[in-house]
Ligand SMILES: CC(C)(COP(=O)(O)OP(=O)(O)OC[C@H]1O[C@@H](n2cnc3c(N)ncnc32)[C@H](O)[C@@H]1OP(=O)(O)O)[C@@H](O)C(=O)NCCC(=O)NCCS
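Quick heads-up: it's one chain on its own, the form predicted on its own, in structure tokens.
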Amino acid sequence: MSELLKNPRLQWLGSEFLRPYVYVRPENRIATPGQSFKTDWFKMSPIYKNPLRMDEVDFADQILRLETHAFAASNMPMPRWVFYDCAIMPGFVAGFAIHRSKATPEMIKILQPADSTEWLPVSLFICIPAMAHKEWIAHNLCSINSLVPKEQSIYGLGFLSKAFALWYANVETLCGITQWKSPAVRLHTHYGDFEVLTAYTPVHSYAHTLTYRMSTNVLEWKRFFTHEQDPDFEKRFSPAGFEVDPQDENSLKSFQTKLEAGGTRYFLNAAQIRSQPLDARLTVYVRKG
């Protein structure tokens, strides 16, 4: 993967002015971070912030401002108490922070850091442990890229924020929630084989919600940047014999019925999702053998 870091657009990964951070209470810190996956992407030591300290609340305020701005259009900003009760206490937040001296005026306006704050969070990924053995839940992911002019965006910031968190916490199995026609689907499918757990989810505020599960595979990560097809996908998966239409509720319900019947695990192809419009029909796959 070191070859990938030669990409000029990814040179920021080695910058002393843009470092990974982990916002976590001391009891939740990972004892052996980065032990499960071999990658040389994250060489910088993370900045640790403690959410139980009053003098570090400004960092939380910035995270919440970033999240609120990012999810305002979808009407799904996270209440402050949910952030503390459901994210911070059981899990952690990770992402990248920019040194104040390198932050643009637009970033400062969005994050509104205190005058004394040195590091500003420009991305966030909330990861929460589940009761299932070695399983985690992806709660939220966003970056400042969607809020600033394109020339100020940091290439791959959102994708790499989630990758860093998975690497840091040695997350082998991750479940997550997103909406079928959200651009985030293209990002989430590039961390490992993408299994669908629900296709139609009426218990959620938005019934057209997709629940997924994936097993972390760092070999997939580089394909987010190279746009390559997994060369072994067709060797490992075959079409299930039907498609799903993200904009047709009946199609989503039909797929959900198949999922609820049990006995078969269904997957999507990251390369297909990336190469076509978000509202296009998708081939559903099953694992061979």
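Keep in mind that what you see is a predicted model, and the values were worked out from it rather than measured. From 1 onward, residues are counted along the sequence shown.
Same protein, other form: the form predicted together with the named molecule, not shown, and the subject of what follows.
Novice: Of the listed stretches (221-229, 25-33, 244-252, 40-48), which one has a non-hydrogen atom within 4.5 Å of the named molecule in the predicted bound form?
Specialist: The contacting stretch is 221-229.
Novice: What is the one choice in I98, L174, A199, C142 with a heavy atom within 4.5 Å of the named molecule in the predicted bound form?
Specialist: Residue within 4.5 Å of the partner: C142.
Novice: Please pick, from V82, I128, A184, V148, the one residue with any non-hydrogen atom lying within 4.5 angstroms of the named molecule in the predicted bound form.
Specialist: Residue within 4.5 Å of the partner: A184.
Novice: Verify the contact flag for F159: yes if a non-hydrogen atom of it lies within 4.5 Å of a non-hydrogen atom of the named molecule in the predicted bound form, no if not.
Specialist: F159: contacts the named molecule in the predicted bound form.
Novice: According to a 4.5 angstroms non-hydrogen atom cut-off, is A271 in contact with the named molecule in the predicted bound form?
Specialist: Although the named molecule is absent here, A271 would stay clear of it in the predicted bound form, with no heavy atoms inside 4.5 Å.
Novice: Taking the shortest heavy atom distance, is I154 within 4.5 Å of the named molecule in the predicted bound form?
Specialist: I154: contacts the named molecule in the predicted bound form.
Novice: For T178, is any heavy atom within 4.5 Å of the named molecule in the predicted bound form, or not?
Specialist: Looking in the predicted bound form, residue contacts with the named molecule include T178, since a heavy atom lies within 4.5 Å.
Novice: Given the named molecule in the predicted bound form, answer whether the residues A70, H188 and L278 all have a heavy atom inside 4.5 Å of it.
Specialist: Yes.
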